[in-house]
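Read the single chain below, which is given as structure tokens and is the form predicted on its own.
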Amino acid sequence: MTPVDDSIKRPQPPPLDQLLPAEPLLLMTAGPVPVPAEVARAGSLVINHVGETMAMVVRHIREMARYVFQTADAKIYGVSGPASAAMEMAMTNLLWPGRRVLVLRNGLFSGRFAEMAEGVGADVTILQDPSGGPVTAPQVAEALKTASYDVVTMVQGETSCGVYTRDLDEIVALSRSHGALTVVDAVCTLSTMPLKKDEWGIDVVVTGSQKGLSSLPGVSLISFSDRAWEVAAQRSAPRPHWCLDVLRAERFWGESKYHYTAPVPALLALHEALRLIIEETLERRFLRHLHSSLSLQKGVEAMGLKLYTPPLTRLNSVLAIEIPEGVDDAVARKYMTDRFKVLIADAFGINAVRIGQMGEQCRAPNLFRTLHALGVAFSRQGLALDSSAGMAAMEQHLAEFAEDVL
């Protein structure tokens, strides 16, 4: 027997079933979200990462993703990593020293585009609304008058603060008219609200698996238009990333050849998640998400709390709620998890808590459990809330749209 270094202590961690709570938390955060049983079963399987079966799975994922992205793009890839990895694939393949990018920033995640662009040596300009709201089409039009850009980046929904880019289609059209490629982060919006990639003329869309798609974390999707693909494929600058190189990715996703070992369980889970979306249809899914979120919004306001974002720029898929004066949100959130097994999220840089309304979160029982837990947790800190009025208002909207919120 080969001796080991006895100065290094051999750890003895407990098994996971001793670490995890007996009753799983209801995940009502900004992601990850609960997954359907079919997705969970698929994610427990491991098959060979190359070969006929995997090639068929990959082909199906591409076909189904075209429907969800609303595109005819041939170049769709699954990226081994979070949605930020898909964002980085876009930035590292479309930008290099000498290229200019306009980053529309209104929160943490839209700002990541700037960090990634700087990392590959691009010339970065950041445009943001002074009020903290989404950048508007007129603001972009002014920016495009003063300088030319190779790429314009934006988010459809800013997860960090619950803000919706209402002018997205106009901004994309403006950018295209000035010759710029457009990159859109649809991480929390794809399949939760309309996004028409081809109709609006978006060049690149990125999303994650663990939010609106209701799949397992660890894989993301990216879709390239033909003109974006040509820029990436014909670049003369060195390619800074091997795993995120689109030419190498195409070998696996387009030619069924080896690139690296794919995240097999996550791709199998994604296959089932996309299949369930298609089975539901986008039209019904959009309605389910809309009325689930509106029901919760009405309940929150009737209870006596304030929503952080004005209605015109309010993101339905991640709802931000103002923290009232005198309330410690960390204490409230802990009470919600300890007493009701409901987990909601804090926020990044704003005085709010966030409740996810994506995928399997958008079910009526989840809404009642979450709103009740929120009302009790805030009331325990002396806040005067009318929880009964909140529950009644939510129930009234749910009853009116019962067919859409199941």
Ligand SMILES: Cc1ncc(COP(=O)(O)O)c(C=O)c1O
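Remember, predicted model here, so these are calculated numbers, not experimental data. Counting begins at 1, following the sequence as shown.
What comes next is about the form predicted together with the ligand, which does not appear here.
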{"property": "Contact at 112, 155 and 211 by the ligand in the predicted bound form, all three, heavy atom at most 4.5 Å", "result": "yes"}
{"property": "Option touching the ligand, based on a heavy atom within 4.5 Å in the predicted bound form, out of 192, 159, 175, 292", "result": "159"}
{"property": "Candidate from 188, 183, 269, 102 lying within 4.5 Å of the ligand in the predicted bound form - any heavy atom", "result": "188"}
{"property": "Residue 304 within 4.5 Å of the ligand in the predicted bound form, heavy atoms", "result": "no"}
{"property": "Contact flag, residue 128 vs the ligand in the predicted bound form, heavy atom cut 4.5 Å", "result": "no"}
{"property": "Proximity of residue 82 to the ligand in the predicted bound form, heavy atoms at 4.5 Å", "result": "yes"}
{"property": "Heavy atom of residue 87 within 4.5 Å of the ligand in the predicted bound form", "result": "yes"}
{"property": "Contact segment among 69-77, 241-249, 203-211, 139-147, judged by heavy atoms lying within 4.5 Å of the ligand in the predicted bound form", "result": "203-211"}
